[in-house]
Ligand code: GDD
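Quick setup: one chain, the form predicted on its own, written in structure tokens, and binding and motion questions come after.
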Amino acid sequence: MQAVILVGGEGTRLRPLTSTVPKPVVPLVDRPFIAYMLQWLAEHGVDDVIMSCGFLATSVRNVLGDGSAYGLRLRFVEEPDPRGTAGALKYAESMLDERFLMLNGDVLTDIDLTAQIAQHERTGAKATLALVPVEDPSAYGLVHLDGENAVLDFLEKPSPDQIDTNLISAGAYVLDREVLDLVPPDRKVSIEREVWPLLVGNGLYGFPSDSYWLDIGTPDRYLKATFDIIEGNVATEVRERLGNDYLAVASEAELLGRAIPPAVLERGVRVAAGAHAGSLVVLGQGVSIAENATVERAVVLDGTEIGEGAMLRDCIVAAGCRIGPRTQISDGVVLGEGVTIGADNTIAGGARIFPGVTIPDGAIKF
């Protein structure tokens, strides 16, 4: 089975994490984000994946290689300019089989693709959309189905009185090649707005699923995805690594303080005496936490140093940062790569500090 993954965006909502690293290979727990999708696809019999790239495509290719590490063949297509969801697919047309999967590369999910493909074949569909329920569908487009799961219509961003279903598109489609005939070449085309309406009543089906699904396009959702992975709320290989105590500490880590599960501590991590890591923490390779510092509900990436008595909570810290003694970072803050925060600062309120910035001792208190 073949799949096309759309990863052409610049990841602007995730900046500053994506200021220096392409979104598909931003670390998520212990591997590039897109690796979860590749492993999920391989589990469902996909052996050929085409990555439709735009921004920093070479960097994505350098990290992922030829796909052999994931048990599949991985190829790359670079759009000459932004083509939209259907336009990107059309640009890759010469590489596509008679039937293939199309996926939004921003999603973490464990939807049963095997069952979705089986329904597609059983109904004789031209396109089958995976659908998932969400608690608040008002920010999405609703999908109405008939009793045979054929799509009746779409309702974009409904008002409260219009909400009569909570099913939205999950960004995972099974497509027959003939769908490409509906896509004009060499221009930007939306599959959601310009192609699906043409297929309503003519081979467009939905596949409702109660599986885990999350769009990881923002820092708060990135943190939620991290926590869900290490808590085992979504089926991934990381769950096996955490074991029954939900704690993964690399053998080369030095743990003199406390690690509170669920938590992942990678090779070279040092947690000093009196320091606390966890719960809900991922510490990348070479992270050091000094005496009496606390890190909880946070992701701290490779090589970052956290000073004595510092406190990090509900935040994301990119690689190579320096955080001074007694500094407090919380409430959705994101630090870009190589940021230095001096001692005795307080940073909160979802602040985003871009790569390479230096903040002196005691400069910020909010």
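Just so we're clear, the structure is a prediction, and the values are computed from it rather than from any experiment. Residue positions are given as counts along the sequence shown, with the first one as 1.
We do not show the form predicted in complex with this ligand, though everything after this point is about it.
For the marked spot (L6, F154 and D215), a heavy atom within 4.5 Å of this ligand in the predicted bound form is present in each of the three residues. Contact annotation: of the candidates T109, S209, T294, S169, the single residue with a non-hydrogen atom within 4.5 angstroms of this ligand in the predicted bound form is S169. Proximity to this ligand in the predicted bound form, taken as a non-hydrogen atom within 4.5 angstroms, holds for one residue of Q116, S288, T236, N104, which is N104. The partner is not drawn, yet in the predicted bound form one stretch among 238 to 246, 255 to 263, 269 to 277, 133 to 141 has residues with heavy atoms inside 4.5 Å of this ligand: 133 to 141. In the predicted bound form, at least one heavy atom of R83 sits within 4.5 Å of a heavy atom of this ligand.
Although the partner is absent here, A88 is a contact residue: one of its heavy atoms lies within 4.5 angstroms of this ligand in the predicted bound form. This ligand in the predicted bound form is approached by S52, whose closest heavy atom lies within 4.5 angstroms of it.
For the chain shown alone, D228 is not a contact residue for this ligand in the predicted bound form, no non-hydrogen atom being within 4.5 angstroms. If you take 331 to 347 and check each residue for a heavy atom within 4.5 Å of this ligand in the predicted bound form, you get nothing at all.
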